[in-house]
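The chain below stands alone and is given as structure tokens, in the form predicted alone.
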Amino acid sequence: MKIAVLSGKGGTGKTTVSTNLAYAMGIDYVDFDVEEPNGHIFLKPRDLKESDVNIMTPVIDQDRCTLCNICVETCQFNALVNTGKRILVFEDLCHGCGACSLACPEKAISEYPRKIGVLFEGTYEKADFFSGRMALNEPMAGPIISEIKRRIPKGRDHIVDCSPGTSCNVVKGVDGADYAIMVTEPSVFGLHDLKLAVELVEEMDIPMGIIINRSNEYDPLIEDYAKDSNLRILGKIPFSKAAAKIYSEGKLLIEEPAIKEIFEGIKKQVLEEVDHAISHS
């Protein structure tokens, strides 16, 4: 069972829902928000193992290079440029596919491993913990997310804390999910970004439901949209000083009995939805 948690934008409480629900369900937590991972703040993983994520980056042997331009034409990411005097490599644009090296007729291109991020694997009180962090000044999160996915044991139930927004990194996180949870806040802006995320998941043909975070008097904005879109409201997390205090201390919201009860209700509904989705897939 794979459950993806996402939102149309940052700051809606996606990680709050992901960590608390993973804990309540007793399943693995996977943090794909590698640009700003913070699931560890709340789950406090132990025995963390750290490993580098590298991509193979081309190096041009200018003495062997004939400026034939085949490597430049082969690169789909514009990482190579022919100046007329030499081939330049723009490392930040390189996706590490190795196509240029294979295409070079003079064998003038070698590759070296360039560090683009770090992976973390450990355990928290209930299950396993997986996360990653992109290196500073690196533009690509995709290879790090792909490497995290390779580390997750096959057949293990897990919750994925996706990147915010609707980028290709979100697609990588949602891909293969049995169910998606959309976290939103009851505001005009929250509704706008929720619609974008819903459209993305609909395109991927993945069943989904909605959680309203910071629930208040404007909930009908989201409720009316959910009704019109035939989407289930899985639960509401109240906007309260108690929740804000717990969050600010880096604790799980389910440490508060009233909020724990809310997450138990959400867990029940999510499991029902996932069982239904899997049985009809």
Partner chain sequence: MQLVILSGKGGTGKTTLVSSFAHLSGRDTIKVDCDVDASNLHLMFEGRDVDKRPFSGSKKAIIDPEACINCGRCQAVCRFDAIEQGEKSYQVIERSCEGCNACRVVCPADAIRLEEEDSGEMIMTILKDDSYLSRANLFPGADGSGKLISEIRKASLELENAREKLIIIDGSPGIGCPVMSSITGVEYGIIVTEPTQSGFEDFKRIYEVARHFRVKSYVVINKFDLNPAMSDQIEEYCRSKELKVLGKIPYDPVVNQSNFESKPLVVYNESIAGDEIKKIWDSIKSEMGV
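Only a predicted model underlies this, so the values are computations on that prediction, with no experimental measurement involved. Residue numbers count along the first chain shown, from 1.
FYI, the form predicted together with its partner chain isn't displayed, but the following is about it.
- By the criterion of a heavy atom within 4.5 Å, E91 is excluded from the residues contacting its partner chain in the model of the complex.
- At the 4.5 Å threshold, heavy atoms of R133 reach its partner chain in the model of the complex.
- Contact annotation for R150: at least one heavy atom lies within 4.5 Å of its partner chain in the model of the complex.
- In the model of the complex, no heavy atom of E50 sits within 4.5 Å of its partner chain.
- Interface residue among D178, D175, D157, E125 relative to its partner chain in the model of the complex, by the heavy atom within 4.5 Å criterion: D175.
- Contacts to its partner chain in the model of the complex (heavy atom within 4.5 Å) from stretch 193-208: D193, L196, E199, L200, M204.
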